[in-house]
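Heads up, the chain below is alone and in the form predicted on its own; it's given as structure tokens.
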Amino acid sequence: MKRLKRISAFVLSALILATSYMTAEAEEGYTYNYDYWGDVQYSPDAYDVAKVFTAGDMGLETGLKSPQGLSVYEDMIYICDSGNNRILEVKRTNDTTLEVQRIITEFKGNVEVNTFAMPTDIAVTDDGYMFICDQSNKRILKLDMDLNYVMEFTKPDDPNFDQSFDFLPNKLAVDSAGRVYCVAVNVNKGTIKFEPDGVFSGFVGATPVTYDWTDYIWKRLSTKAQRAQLESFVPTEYDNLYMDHEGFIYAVTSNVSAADVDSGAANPVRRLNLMGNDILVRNGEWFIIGDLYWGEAGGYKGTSLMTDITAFENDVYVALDRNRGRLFAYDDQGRMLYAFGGNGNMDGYFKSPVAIDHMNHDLLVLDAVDSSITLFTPTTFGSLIFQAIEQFQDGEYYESGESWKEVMKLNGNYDLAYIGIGRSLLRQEKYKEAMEYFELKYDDDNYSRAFKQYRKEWVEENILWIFIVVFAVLCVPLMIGKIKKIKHEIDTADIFQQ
């Protein structure tokens, strides 16, 4: 009996230890990154969950129903409560309080339909206008902040737009001039561009066409009837847009194949200029695709599927993966800063994340199934990363290096801290020290830049000695040879004289 009790106690202790270990592993694994070798490196959390807000937390009597859109303007948050055909204007007063200011179900003006039908996205501009994707009413509305109707953008009457399809605007972005860029259902030619007066002016940023060579050859050999049944090689649709502070459009698409993502042929995240060209910098070790590895754990399989994106003023951007509910942050060079999140029922996890936006450095994520908004605030670790990046951008290179050293104290395995210190030393013209940090993390490009400058500096400092050595190597033997020749001629002349 005593032996049985001892065995039971041992088993219980083992279970407690195993549970504690699993819990520690789960907490540690919430935030991670990839090192030079592609191995997962867990790190301190970059963000904490301040609070998860439901309808009741915001003072609503009626819950959210399949919300699809989220937009932040100053201290206001606008939510497209799509299933309830309304727009919620919510004010953030602190980290734990969101208060509904207006429930917008209709607007004023001389228009036939002054209510919403499945609003899916909203953008608020600095000149005081709201642009709303009123999807089931097949229009984009422009209202002033007093909810007066201004104008609407409807189906383009243009041969470049397939007239057999309805105009179903899904997501939008608006630039400082009032031009509207729209992602619409079943439109795969890029974003639809409207001028401020509502005139359709074409498509912007069509994604490159990708296809499998075997499918292409088979299509070439097929009959006309067979080709009609095959999938067309056409550009893919975007899922969402975000207009950054410089007027460039971040665009994401989840219409990618695992093979294209793995090979780098697909770019699920793009940054478009006014011409629609992708200008996203990709200097990181890895493709900007979210997770580098994907399995079928927990019933989720396939690549990260980017459904929305937001960008800070320090050019850090965060993409939202609807597949596994994760957030991926990258710097302006395309290096992953960190990833966190997941699917689940705990705070900081999601059931169906559909939209993301930011308020300063805080992040807000809208969950369509859970009908909630999760507010994330940076931790000390995350704040130090932002501080180091912003100091470098402001030309405060020494201070940036010191901030990266503070980051290293919290996470000694954080590759970007070493690279950040190296870059700050490089800008301070401390090339030899910079080379040491770049070498530690195998940053060949920056190492080459530092070495080139170090070599130039060394040559300039040692030019006199270099001249002396070159003179000694090239001229001294000639002089010795000349002296020997003269001596030989003198000696020969003495013999002949005798």
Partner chain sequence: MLASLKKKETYTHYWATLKFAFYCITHPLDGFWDLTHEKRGSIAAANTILILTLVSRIAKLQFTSFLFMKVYWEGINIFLYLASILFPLALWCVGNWALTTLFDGKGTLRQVYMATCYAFLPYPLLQIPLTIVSNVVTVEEGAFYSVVSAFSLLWAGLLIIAAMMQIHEYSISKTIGFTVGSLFAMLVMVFILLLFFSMISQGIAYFISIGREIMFRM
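Residue numbers count along the first chain shown, from 1. Small disclaimer: the values here were computed from a predicted structure and weren't measured.
Below, we turn to the form predicted together with the partner chain, even though it does not appear here.
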Heavy atom within 4.5 Å of the partner chain in the predicted complex - residue from 53, 447, 32, 431: 447
May I ask you to check whether residue 438 falls inside a 4.5 Å heavy atom distance of the partner chain in the predicted complex? yes
Using heavy atoms and a 4.5 Å limit, would one call residue 452 a contact residue for the partner chain in the predicted complex? yes
Taking 4.5 angstroms as the cut-off for heavy atoms, does residue 461 touch the partner chain in the predicted complex? no
Can residue 467 be called a contact residue for the partner chain in the predicted complex at 4.5 Å between heavy atoms? no
Option from 61-69, 469-477, 43-51, 439-447 whose residues, in the predicted complex, bring a heavy atom within 4.5 Å of the partner chain: 439-447
